[in-house]
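Only one chain comes next, encoded as structure tokens, the form predicted alone.
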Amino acid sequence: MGYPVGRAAELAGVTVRTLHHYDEIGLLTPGGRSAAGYRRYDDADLERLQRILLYRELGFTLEEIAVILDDPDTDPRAHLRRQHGLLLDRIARLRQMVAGVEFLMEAHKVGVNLTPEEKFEAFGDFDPDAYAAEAQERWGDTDAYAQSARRTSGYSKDDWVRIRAESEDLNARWVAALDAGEPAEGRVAMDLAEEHRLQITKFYYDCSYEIHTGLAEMYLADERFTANYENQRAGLARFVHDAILANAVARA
């Protein structure tokens, strides 16, 4: 009889909406239907889904995955070798990048002297002074740090309150997209990722797609930032990470 869509999604660790999306674009069409017309996934479907998720984890687009899986003249090993080389290049770049530039968004407050009451109103329970020294030690010699320092030095309490409000609004829409089952590589999630990148550029420093993907990697590598997202919604850190990477690939 196969597996219903909910069970197939649970086994694969994806959302039902993701499976619906894969079916709609022809990437993974279930092999059967129930008497009522509902999708049923057999073992071959799950095996194909496993391969899709593997290629996706390696950074392939859904279009590239479709070609690899469906074109008999395509050599999957050639694609894997190419992706392996790209991943090695990316790792080398990430090692040189300031992966933790995100601290500048939340921790760097050069030249702004707020009273304790104003600080609480602007940042809540988060104390930027607790991270300012770490941010300067780790990234003080970067262009992004210098640019952020120049911009934030003139921010008032009202500026920080407005920045916090815009950040919280964006986070709420991240959560809503995840709750709605939007795929990380879908248009809704990628548009949120682009808004996130532009928000960083607007308030702090020029955030290129390369820097943005570096930040995304940090959301999973640094438990402090992972917790920041996971405390809002379980699975949000991975969702934001995947959406940022998908957006960078699509716009590149």
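Residue numbers run from 1 along the displayed sequence. Remember, it's a predicted structure, so these values are computed and weren't measured experimentally.
Unshown form predicted together with the DNA; subsequent notes refer to it.
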item: Region of this chain that lies against the DNA in the model of the complex, out of 58-66, 42-50, 181-189, 197-205 [heavy atom, 4.5 Å]; value: 58-66
item: Interface membership of Val249, the DNA in the model of the complex, 4.5 Å heavy atom rule; value: no
item: Residue contact check: Phe239 to the DNA in the model of the complex, 4.5 Å heavy atom; value: no
item: Partner proximity in the model of the complex: Arg17 to the DNA, non-hydrogen atom cutoff 4.5 Å; value: yes
item: 4.5 angstroms heavy atom contact with the DNA in the model of the complex for Gly6; value: yes
item: Contacts with the DNA in the model of the complex, stretch 22-60 (heavy atom within 4.5 Å); value: Tyr22, Arg33, Ala36, Gly37, Tyr38, Arg39, Arg56
